[in-house]
Each structure stands twice: as structure tokens, then as C-alpha cells.
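First comes one chain, alone, set out as C-alpha cells in the form predicted on its own.
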Amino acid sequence: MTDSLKRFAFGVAATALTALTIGAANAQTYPTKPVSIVVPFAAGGPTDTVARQVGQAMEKTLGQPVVVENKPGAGGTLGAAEVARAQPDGYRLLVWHIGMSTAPALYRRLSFDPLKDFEYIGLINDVPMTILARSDLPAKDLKELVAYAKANQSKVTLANAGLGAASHLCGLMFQQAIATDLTTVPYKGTAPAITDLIGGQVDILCDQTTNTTQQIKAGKVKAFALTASKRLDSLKDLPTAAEGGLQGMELGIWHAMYAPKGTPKPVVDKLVSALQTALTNPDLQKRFADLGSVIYPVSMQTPEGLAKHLKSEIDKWGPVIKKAGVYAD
């Protein structure tokens, strides 16, 4: 090797070592400024609610403000892609739901890889779905609802909040469970879908308890079943789908936290600790419980727990979406 090449190689090595040293030092003092959580949906939805409550609770551990930024579009993939491309320094995070596992099957051209482009922080919570109908629909229970849907297949409308939304996924499962294709009506968000359900413009909607609990308790919609393995304390009179005679409808919409790939391990470790501490906050636990949300055990509030769960969910949803023949460019 010539002297010039030796000097060049030494310079490259020195620069890399300096960068690593600075990165390690920054990781030790992290965070020194506000941390942003990107929510890939509009404000006011269930994912936004989860992110704001968790972020607020994490502030106490991190010692810095945690600010939520709403970046809606393309079923959540725009906001997720932005975080995947962000500087891996721990100051730009992502909270997203089950969509992280369904996006690979739903989108033909996905600009990020859920299994390769993120550092995993941990799972947060799981939210069951409720099968609802307009208040004047004649069915009295789930069996009668299924019979009504089958008998009036060409007329029954099934609302959802758009491609890839929790209500869309639940609707796919519902149609497969009853072996009946209904007329789906996509909306740009949950709020207009529920508004039209209350107004009687659509017949059925399947959505998260964080969106529907108050509407059910107020009697504005007719609730038929819960997509959980057991009943919720917050909706004690609402049976599970299995209790109502419908198998294959156990579905929970989980949320998790991510950072860009390459985020230093000391930073990831601090974020994991902050998330776990936040999820022990009594006020947060009560707010989640009131909305029918179940916090994951500590063993799943980890990078390893999230990695295993995400892979299994990708394997689960791929065939369901493929069978339904639903894709987006």
C-alpha cells in the first residue's frame, strides 16, 4: 500500500471513529430536545389517542416534551415511510397500528420494509373491535344480523374508514366469516363513517372500541358483538362474536412504537424503558381500560416482543388480504 493510500485509509478510519464517538456521546445524553411521535393518521382517531396518552406519560421519564405530529395519507404508509427515512437519532418516532403488518400485502409498491427499515421499541396495547349496525336495523342479535346480511346481500352496505384501516380489515374478516360479499362503502376516516351509520346512510360498521364505546353507551348505534376472547368490563352486556355463534372473528388492533433503522442501542434502550414506565402509569391505564384497550405485558413491550409479533401478523394477514383480492398501487 502506498503512503497516500495509507494516509487515506487512516483518515477514513479516524473519521468513522470520531462519528462513532460523537454518536455514543449523544446517545448517553439523549434526549436534549423535544421528541416527536409521528402518527400516520389525522388527529382525533384511535391511533392518535394512543400516541398522545403514551407520549404524555413518557415525558416524565425522558425529561423532554413529547410532541405528536399527524402525517395522514395512503393508509398510514406515508407517515411510516417518513419515519423510516428520518435521522436515526431518537427524535422522530412512529406509533402505528396493525397496518404495519398488513401494508406489505395491501400495497404493491411499498417504499419501506417493516422487517428491515425500523428499530423496534415495543408493543403498546390491543384494542378489540365491535360489530355495529344502524339503530333501526331489524336484527336483534348477531345470528339475526348474519341472516339479514345473507338474505339482503345486494342491498346491505358495510362501511369502513378507508383501505388498510382497522374497520376495513375487520370488514374483510366479517365477510369471510359469514361467507358473504357485501357492498363496502369506504370513507376518509372513522368519524364520517360512524356519522353516516348513526344517520342510517349505511347498515354495518366494524370498528375499534376506542371509537365506538361512547356511541354504544349512548344508544346511537346497535352493537352486536365484540371481536375479543372475553367480554370487556367497559361493555359488560356486549357478547363476544364466538358467544354469538360466529367463529373466526377474534381480532384485536394492536399499536406499537418504532424508530428509524440505525438508531443507537443506548437510545433505543432509553425509549424502551420510557415506554414501559409510561404503561405503568395509573391514569393511562384507567383511560385505556375505559376505552376497552388492553395493555400488553412487559415481555411484549420490548424490541424482541414486537419483532416476533410483527412477523407473525404479517404471516397471518397476507393470505387474508390475498384471498380478498384487495390491493392499492
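These numbers were taken from a predicted model, which means no experiment stands behind them. Rigid core: the largest C-alpha set superposing within 1.5 Å between the two forms. Numbers for residues come from their place in the sequence shown, where the first is 1.
From this point on, the text means the form predicted in complex with a small molecule, which you will not see here.
task = Specify the contacting stretch among 270-278, 298-306, 38-46, 57-65, defined as having any heavy atom within 4.5 Å of the small molecule in the predicted bound form.
result = Result for this chain: 38-46.
query = So in the predicted bound form, does S101 come within 4.5 Å of the small molecule, heavy atom to heavy atom?
reply = No, S101 sits far enough from the small molecule in the predicted bound form that none of its heavy atoms falls within 4.5 Å.
query = Closest heavy atom of G189 to the small molecule in the predicted bound form, within 4.5 Å or not?
reply = Answer yes; at least one heavy atom of G189 falls within 4.5 Å of the small molecule in the predicted bound form.
request  = Find out whether any non-hydrogen atom of M257 is located within 4.5 angstroms of the small molecule in the predicted bound form, and reply yes or no.
outcome  = Answer no; every heavy atom of M257 is more than 4.5 Å from the small molecule in the predicted bound form.
message = Please tell me whether any heavy atom belonging to S167 falls inside 4.5 Å of a heavy atom of the small molecule, as the geometry stands in the predicted bound form.
response = Answer yes; at least one heavy atom of S167 falls within 4.5 Å of the small molecule in the predicted bound form.
ask   = Considering the small molecule in the predicted bound form, which of L93, A161, L197, A241 comes within 4.5 Å of it through any heavy atom?
value = That would be A161.
Cα displacement of A193 between the shown form and the other one reaching 2 Å, rigid core superposed = Yes: A193 shifts by at least 2 Å between the shown form and the other one.
message = At a 2 Å cut-off on C-alpha positions, does N160 qualify as shifted between the shown form and the other one after fitting the rigid core?
response = Shift of 2 Å or more: yes.
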